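Alright, here's a single protein chain in two forms, structure 1 and structure 2, each given by itself as structure tokens.
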Structure 1
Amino acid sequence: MGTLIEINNVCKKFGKRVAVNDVSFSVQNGEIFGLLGHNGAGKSTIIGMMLGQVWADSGEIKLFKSNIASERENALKKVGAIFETPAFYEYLSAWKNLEILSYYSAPTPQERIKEVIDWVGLTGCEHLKVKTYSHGMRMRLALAQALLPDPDLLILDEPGEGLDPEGIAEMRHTILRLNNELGLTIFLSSHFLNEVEQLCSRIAVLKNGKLIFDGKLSFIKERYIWYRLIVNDFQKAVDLLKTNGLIQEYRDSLILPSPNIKLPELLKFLIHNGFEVSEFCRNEETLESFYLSLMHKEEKTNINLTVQSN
């Protein structure tokens, strides 16, 4: 499996503000890869640099082994993207928009335009003026435009932004089809953690411009196994457990046991110290709970969680 995207030690400042701070990760051919982070974490800056619309201060970005700074045309030759707010000619039909927009790269046969319209589910609406389109239809039209050059890599910046639940589900279904049936590698940023969990095999998480996690979603579920603990005095119990090295972390009513600690041993310790345990069971880690725990940790802990799991 080849590497399609290589981000190596990339830094970017806007004035005195550090937007991206020494970030490195890669994306393999055939993956659906998610880039996560809070507003201002650096997600859009990284995508802008990948598309050659923003220049890195240092570091290197390669697409298809071509350096975006010195070989931009070659690097972007097989890339389609939705970045920032898509703009269309409101008074023209979707079909005419695609015809005109295709000329910015290369004239596109009508058969290809028909094919991408069908792929994004706009068949029957392609000759309506864009000004009559709903937000969801506009997003599908933007996706059609991104697919026109028959890309191998699709870059999507917040593809579900502004969509209703039905529109989000339709976008998710389309992305999965593009990956499964056409073999497209898809790189997306999103705030919808549930969607990312259903779509992506690997993720990278940014916080204040720094990479704090890079790995497989399966790794999260296997590595971070939390347990729900309902006890008469939770705070006192976790303080004692942590002091004795039996747990690594805790949050709400959840504990993360230390490596090699046997659960009966932990439970026996609590009972021996006079705690009344009414519930103790495994709590499956979700992407949302994992992401929120990353965001709430101290900086030194975040560094420990920057894991390469390829």
Structure 2
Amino acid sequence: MGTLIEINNVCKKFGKRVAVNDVSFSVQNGEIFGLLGHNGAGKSTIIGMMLGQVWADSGEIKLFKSNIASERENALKKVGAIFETPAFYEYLSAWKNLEILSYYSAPTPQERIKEVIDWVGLTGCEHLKVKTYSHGMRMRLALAQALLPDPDLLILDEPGEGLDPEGIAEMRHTILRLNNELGLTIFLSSHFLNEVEQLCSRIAVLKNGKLIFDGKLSFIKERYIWYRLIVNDFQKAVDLLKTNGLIQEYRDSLILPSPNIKLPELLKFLIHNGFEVSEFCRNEETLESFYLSLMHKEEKTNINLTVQSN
């Protein structure tokens, strides 16, 4: 399993604003990797830097072991990219658009263009002008142009933006097909946590340009097991549990027990202290709850939470 993307200590400022602050992570061959973060967190800047469109102030980005700044042609030879709002030459046909874009990579035979048009399901519409295309058709065309150079890595910047629920489901299905059938490594940035949870094997989370989490989704679910606790006075109960080191964190009606704490002991402690426990059960950690808990933490706590897991 080789490393396809290596991002090492990358920083980028736009004027005085720090867009990306000392970010490092890597993506392995065959992964579906999700980059999450709020608006302005630096996701698109990182994608821009990966594609050599935005220059990093410091640090190094390598795709396929080639530095994007100094070996652009090698780095991007086997890369396809799709942006949030794919732009085409509206006054030309889809076929002409694909022909034009393909020649910025390498000479592409007509059969290959036909093949990708078939794959994305645009056969029959390829000679229509792009201005007549719907948003969904444009997304398919964007996928077709990304697939033209027969890539090993596909970079998707907010791929579901502007799609209806059916379109989003189709997009998810397509990404899985690309990963399973064509064996592509997928790097995507998205706001759709539900989609990311269903698609990605690993995620990285950015907050204000800083990486606050990088790890496997399975790791999140195993590492952070929350329990629902319904008692007569939740605040008083969690204060007491925290003082005694029985829990690490709490939110709403959820508690995260400290490592090595046995649950019957925790319950016994509560009852012993006069609390009426009416419900205590395991609460499956979702990506959304994990993401929100990361976002709502103070900066200091976030740094402690940064995990590098393979």
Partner chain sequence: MFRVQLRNELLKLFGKKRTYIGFGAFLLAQNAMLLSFHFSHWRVRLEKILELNGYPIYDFISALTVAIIMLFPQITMLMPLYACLVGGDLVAKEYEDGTLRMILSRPISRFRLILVKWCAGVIFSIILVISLGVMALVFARLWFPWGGLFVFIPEPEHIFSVFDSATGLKLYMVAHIFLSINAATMMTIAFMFGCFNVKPAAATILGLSFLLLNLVFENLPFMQDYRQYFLIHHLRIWICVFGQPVNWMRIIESLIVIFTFNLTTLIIGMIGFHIRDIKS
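Structure 1's sequence is the ruler for residue numbers, which start at 1. So that the term is clear: the rigid core is the largest set of C-alpha atoms that superpose within 1.5 Å between two forms. Remember, predicted model here, so these are calculated numbers, not experimental data.
Two forms of the same chain are shown on their own. Structure 1 is the form predicted alone. Fitting the two forms on the rigid core leaves the C-alpha of residue 125 displaced by at least 2 angstroms between structure 1 and structure 2.
Relative to the superposed rigid core, the position of the CA of residue 83 differs between structure 1 and structure 2 by 2 Å or more.
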